[in-house]
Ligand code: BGC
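Read the single chain below, which is given as structure tokens and is the form predicted alone.
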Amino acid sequence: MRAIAVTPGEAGSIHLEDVPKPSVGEVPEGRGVLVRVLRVGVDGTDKEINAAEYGAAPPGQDFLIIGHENFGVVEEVGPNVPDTIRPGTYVVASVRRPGSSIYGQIGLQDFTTDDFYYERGINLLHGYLTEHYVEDARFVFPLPANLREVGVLLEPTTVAEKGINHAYEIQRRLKVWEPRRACILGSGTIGLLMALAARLRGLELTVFSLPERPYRNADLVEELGGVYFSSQERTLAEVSAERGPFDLMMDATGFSPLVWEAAEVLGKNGVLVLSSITGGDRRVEIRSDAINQSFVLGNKVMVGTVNASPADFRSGVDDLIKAEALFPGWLAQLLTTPIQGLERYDQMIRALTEDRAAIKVYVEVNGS
């Protein structure tokens, strides 16, 4: 069986690896699910692992199978798998696995306090860019057949789901929180999925991002009924004066200075959700007194979010179903850049590195 792998710590080491086909018996207590992989989405994480910026092989092995945005069909199940997961069921498996933290023990491994964590395709566990994988049914989520063409978007959708779900969870402190306006910072894959999640919750949508029109992603925002602004034409303060104040702001830009501009314009009782993992050593001057005062007097919240819980996968499935009904064809437009087959891993890396117009790059692993 073939898989796309890297040698962790060795830049540009991406290659095809021959590995044994897994079996359901590898998972204890009869919970094994054998999945034939159909599609795997790839993103900056995969590119960065190939550049040796991070990533670790499973113990005792010198390679890591990459890929964490999976979609496949069940081929075989163990005797103790729920009847919602059966041969022929389309499924997506989650990414992070429990470690030693108490949060993993209660199914919230996305909140782990461990210094080292286990993530399929990223750290200490093999990923999904392979022909088959086997997984514990506890980490496998079924999808209806009508999501066959867009199901590979579920895992990135859970980033948006966790952010927005936790904004609402935090604001339970207010007893009544009725947000009206959302502003999404960034218009890449995650930014667009955040925009979708906000719109599906009935929020007025504004997206603020770098590129100027003509720009396909701006058109996609407008198809949702949102308004798009380029940061090359307007400041965030100007956009807020026209479209705000914003009750919910979510950042997916990877540009940390913008966070402080967002903190200044966030509305009273508002929530600012940060999801970008930023490297480097950027420094900016900020109006710290003004930000501090507005957060204190306005009861505002800034919160970071990473990975996702089972609840976010389930709400993600619900939102994909709703999106297909309310905005038919919208999700499919995100799937811009197919790579045909595992053997074209060099083309995959080039698309991630060079194709500025790509929204979602994905590998077609097996036929349907």
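Numbering starts at 1 and runs along the sequence shown. Values in this document were obtained by computation on a predicted structure and should not be read as measured data.
Not pictured, yet referred to below: the form predicted in complex with the named molecule.
For the options Arg181, His132, His126, Arg96, the one in contact with the named molecule in the predicted bound form, meaning a heavy atom within 4.5 Å, is Arg96.
For the three residues Val259, Glu264 and Val296, a heavy atom within 4.5 Å of the named molecule turns up in the predicted bound form in no case. In the predicted bound form, the named molecule lies farther than 4.5 Å from every heavy atom of Ser309. The named molecule is not drawn, but in the predicted bound form it has a heavy atom within 4.5 Å of Tyr117. Proximity of Asp319 to the named molecule in the predicted bound form falls outside the 4.5 Å heavy atom cutoff. The shortest heavy atom separation between Leu147 and the named molecule in the predicted bound form exceeds 4.5 Å. Per the 4.5 Å heavy atom criterion, the named molecule in the predicted bound form is contacted by stretch 38-46, the sole one of 296-304, 23-31, 335-343, 38-46. Scanning 151-167 for heavy atoms within 4.5 Å of the named molecule in the predicted bound form gives Glu155, Val159 in sequence order.
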